[in-house]
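Encoded as structure tokens, the following chain is the form predicted alone, with no partner shown.
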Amino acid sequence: MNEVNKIYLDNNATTPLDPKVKEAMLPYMEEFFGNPSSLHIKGVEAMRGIEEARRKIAGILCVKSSEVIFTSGATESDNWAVKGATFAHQKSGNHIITQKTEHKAVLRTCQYLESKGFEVTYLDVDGEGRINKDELVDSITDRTILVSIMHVNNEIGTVYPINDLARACKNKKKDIIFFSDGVQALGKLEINLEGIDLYALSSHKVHGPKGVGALIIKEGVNIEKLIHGGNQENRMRSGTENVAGIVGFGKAVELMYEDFEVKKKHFEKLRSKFLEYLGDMEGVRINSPQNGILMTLNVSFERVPAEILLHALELEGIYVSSGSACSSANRGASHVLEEIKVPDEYITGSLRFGLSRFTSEKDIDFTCKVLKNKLKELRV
């Protein structure tokens, strides 16, 4: 393995912990170690850390602090949003609408609910992973209680106009709950949650620690609890909070939005350079839409199996992904790439490159140089 170049480009799966986040967390592992539910000073110190993190995230998302409920991560938040909303409103209906390219945490939760008597409409997508708004609205019936459309696709980077979609849904049926998985949008887009009732977040996608996330539950939205017990988190989600993790999450989100326009220009340069290199290579198909999220590039390479190419790059100290980390154990073709109709000769050779603010132009230069050489070797 190349010991000089250690280039991490799997940031959609997880991100390295920002040193400043680690620094913010350490006091809550050592000095401020108390249970935040305790009434003595040690508990008060821990609760102060949680509430400060809650205020930071609420301020950036322009929501109320009371609307930010901390969880163990996005999978819990997705499950809670979908199950909690449907169980709370099942007297009004039993119909859910989502799309075929949602994250598995949403799709498999919907499949579970089908086994409990709920009906689910799975919307088709076009070649860029987009749903048809008219088809979405036409799918709404008097029994529809929940619509779940992610904000940014985790595999190809498609950005969905969730505010416009939510508005259209509520114009058709006022009491619909609109949920969006915002995991791949946080820290990458300026987020507006107007009309969005429920919104899921994850810490480890924004250079924060693993094991912590949040569900935004707008004031007045009725949702059943998923975890019962001691009534923590505004009496909505029981269990002793991951204090250090929550503090780190708040710091990570704060750092992601500092000098946001500068960061955006950095990503524009990286993406442009990457696409320019890829344009000079033969047998390459870009699966990400042109106006997708700047940090995600899903690319297929003709006649080269993704797993072989991935490990060839790893030998040179370059780490990439062959798809969603949550689905890697399945070893099958990506459900997202199948739904956007990637041709058979390309679909098995697809890699996902996830950029971060720590990615440099030199990283892109070296990666593309190695990639070009490896393609020549592996295609012989």
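What you are looking at is a predicted structure, and each value in this text was computed from that prediction instead of being measured. All residue numbers refer to positions in the sequence shown, first residue = 1.
Beyond what is shown, the protein has a form predicted in complex with a small molecule; the following relates to that form.
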Would you point out which of 234-242, 74-82, 300-308, 156-164 contains residues with a non-hydrogen atom within 4.5 Å of the small molecule in the predicted bound form? 74-82
Of the options I293, M150, L198, I191, which one has a non-hydrogen atom that comes within 4.5 Å of the small molecule in the predicted bound form? M150
Does the 4.5 Å heavy atom contact test between V183 and the small molecule in the predicted bound form come out positive? yes
Report whether the minimum heavy atom distance between H204 and the small molecule in the predicted bound form is within 4.5 Å. yes
Please tell me whether any heavy atom belonging to K251 falls inside 4.5 Å of a heavy atom of the small molecule, as the geometry stands in the predicted bound form. no
